[in-house]
Each structure stands twice: as structure tokens, then as C-alpha cells.
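For reference, the chain that follows is the form predicted on its own, supplied as C-alpha cells.
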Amino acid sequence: MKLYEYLGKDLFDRYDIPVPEGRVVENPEQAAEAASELGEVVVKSQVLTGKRGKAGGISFASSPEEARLAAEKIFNMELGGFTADKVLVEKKVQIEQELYLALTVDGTAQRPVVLVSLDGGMDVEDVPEDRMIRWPVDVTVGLQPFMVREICRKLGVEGNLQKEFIKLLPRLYKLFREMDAELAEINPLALTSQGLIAADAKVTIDDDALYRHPQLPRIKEKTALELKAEELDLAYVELEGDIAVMANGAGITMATLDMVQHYGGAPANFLDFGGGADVEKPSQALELLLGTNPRVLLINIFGGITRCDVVAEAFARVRESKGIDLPVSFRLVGTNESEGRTILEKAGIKSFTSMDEAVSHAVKLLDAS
């Protein structure tokens, strides 16, 4: 479970990791009030997506009116499919250098790993490997001061900055362990005249350990469309492509997405409407997909308990009622396959028996549209 930045910073503060003074607000007027107390501020959208700065979700303000206008803009902005219902207004920090610090889980080594670099900020993923220090941590030993000193030596850090790291890193590790975190990231870790300050916070808690942390709010990382799909009992995830994908079963849906990318296309979503459904369920799934305005529709059905004629009938109904004028590639194999094909043929839709053919046809339709 991902935490919003302000919740991550609440945890940091609890573990004595310095954070900027700030206020969480719910409307532009409250942002102006916060700025009148704090002075020059940073106004930050509280959404569970990255690259907020590049997308306009973070603004600087030197007056209450500027803070109000910045918050108003942010509240009306969509970032990665999310809109903010809270904004963090923080006192502006005078940063001398942006560093990077994180603890995460190395799945291969099956242990925590410290990631630290003297190059932090928005493009940290582009930092060369030799500029990013990786230090695996044995949980039976923990992160000892001599280990932090060795990390500093590898970084080329000494003096007061080394002392800052020796204080801060064990605190972050303690938070990581005690809160069952999968990620505790500070980017940027701001070097200021007062020392190191966590200018941002990304904390992800292991879902399977949430029962140990009843004090944490339960946060669903879903867009409005994904929440609507959840209400319809559809397994749906928004992606960034333009080929809408619908299939029956998680495995076949994942394989379809992989094959779309193999042929040079980009899927717009993951949608598994399940098995054994009546006409209503695939109809709801199709209507949901059409609401995303895709350029091509790809339907991949391997009928078992899901009957091919039921899915074909659902498509024909939705196509007629919604007046669908959209390129469609349809693969139909399995239970009542011939009946399903007959329904599609009457609707003027050609169907394939091979997933490979259906997917490659969908990508060709995209290229031609």
C-alpha cells in the first residue's frame, strides 16, 4: 500500500527524520492561510503517482495569493489518472544539494538494500550505476554505524555530512523494519544549512502486514475508472496505450497484453471480466472500455465455462445500442464457438481462431487508423 507524501512525512517525523514544516489543506483558501503562516512555500499535489513536478503538480509560491492560485490549479488537475483531494503546503527549503536515499527490498537477494547517491532529484533513474551505492543489509545484524561510515566512504562523504548520514540512515532503516515497508524513499534528500531534510517521501507498506498497523489509513491506489470497474466486479487496470483489451481470465489477458507489445502496439488497459458470465457482465465490460475512447478494440475469448455466443451477443448488443464505429479485432475459440461466429458475422465482424492473428490484426488496425 502506497502512502501519500504527507503520510510518509508523518512517519518520518515520528522517527526523527527531519521534514519541512507544512500543512495539509483541502481547498485553495486553506492553502492561502497556510502560506500566510509559513512564508514562501511549495504547493504539492497529493496523488499516488510520480513525476508530479514535471507534470505541473508542484508549484512555488511567494505569497498567500500565489499559493491560493497554485492550489486551485492543482485541485483541478489530473495527474496519471488521479485528481487530488488534498494538497501539501510546505515551507520552502533552501537546498544546497539534492541527494537520494532509499531502502527497498532486493527480491533476488531476499534482503533489504540501501540505495544512496549524491545525485538526487527528478531524473534520479538516469543516474549512472557507478554513482548509485547499493548496500545489502543482513536483517540479523541490522544497519550498524560502521556500515554507514563505509557507505559514506564509498560516496566520498566526510565531516558534518557523514555525521548527518550516521544519524539519519539508521532511523530510516528502523522505520523500514518496524513499519513493514517495501520502500522508504527520500528524493530529494535536501542538504541545507541546517543539515539533511527529507524534501519528499515515498513509503510503501507490505499489504500482507497491514494488520500490524491499524493506525494507518487504508489507501486504494485506483483511478476513478478502476474504482467503477471494482464496483462491477471487473478486474481492470488502466494503462497508457490505445488498444483496449478485453479477455476472460487473468493469464490469457496478461498474455494478450504481452503479445500486443510484441507486435509493436500499446495496450490501453488490463480487463479480465472473469468466467461463466451471462450477457450482462461482458456488456458492462465493453461499455467500460468504450468510455475510455480507445482507437482499437481487441477481444480475446477462449471459451470454457464462458460461452463464446454469450460474449458475441453482448458485443452485438452494445455495438448496436452505442453505435460503435471502432476498429475491432475478435478472437473466438471454445464453447459454442460456431454460434458465436454466426452472431459476429451478422454484425459484420470477422473473428479469428488464433490469438496471434487477432493481436497482429489489432495492431495493423491501429496503424491504419
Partner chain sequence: MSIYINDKTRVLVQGMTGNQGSFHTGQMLAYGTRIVGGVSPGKGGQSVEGVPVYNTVFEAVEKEPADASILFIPAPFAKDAALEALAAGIKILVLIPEHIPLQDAMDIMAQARQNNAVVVGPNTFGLVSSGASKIGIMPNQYFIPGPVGVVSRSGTLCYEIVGHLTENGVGTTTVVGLGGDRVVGLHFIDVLEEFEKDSDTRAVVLVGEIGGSAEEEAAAFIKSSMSKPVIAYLAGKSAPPGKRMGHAGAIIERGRGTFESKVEALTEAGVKVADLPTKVPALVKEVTDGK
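Fair warning: this is a prediction, and the values are worked out from it, not measured in the lab. Basically, rigid core = biggest C-alpha set you can superpose within 1.5 Å across the two forms. Numbering follows the first chain given and starts at 1.
The next section is about a form of this same protein that is not shown, the form predicted in complex with the partner chain.
Look at 70-78, 193-201, 86-94, 104-112: in the predicted bound form, residues with non-hydrogen atoms within 4.5 angstroms of the partner chain sit in 104-112. Taken together, Lys44, Phe82 and Ile349 are entirely out of contact with the partner chain in the predicted bound form: none brings a heavy atom within 4.5 Å. Scanning Leu169, Val116, Ala229, Met259 against the partner chain in the predicted bound form with a 4.5 Å heavy atom cut-off leaves one residue, Met259. With the partner omitted from this view, the residue of Leu239, Met122, Val279, Leu161 that lies near the partner chain in the predicted bound form is Leu239 [heavy atom within 4.5 Å].
Using a 4.5 Å cutoff between non-hydrogen atoms, Ala181 counts as a contact of the partner chain in the predicted bound form.
Taking the partner from elsewhere, Phe330 is found to have every heavy atom lying beyond 4.5 Å of the partner chain in the predicted bound form.
Residue contact with the partner chain in the predicted bound form: Phe165 places no heavy atom within 4.5 Å of it. Taking non-hydrogen atoms only, Ala224 never approaches the partner chain to within 4.5 angstroms in the predicted bound form. Contacts with the partner chain in the predicted bound form, taken as any heavy atom within 4.5 Å, map within 238-271 to Glu238, Leu239, Asn248, Gly249, Ala250, Gly251, Ile252, Met254, Ala255, Leu257, Asp258, Met259, Gln261, His262, Tyr263, Phe270. In a rigid-core overlay of the protein, Ser338 has its C-alpha displaced by at least 2 Å between the shown form and the other one. Once you line up the core between the shown form and the other one, the Cα of Glu125 stays within less than 2 Å of where it was. Positional change of Val203 between the shown form and the other one stays under 2 Å at the C-alpha, relative to the superposed core. If you compare C-alpha positions, Ala235 and Asp207 are 3 angstroms or more closer together in the predicted bound form than in the form on display. The pair Asn269 and Glu125 is at least 3 angstroms farther apart at the CA level in the predicted bound form than in the present model.
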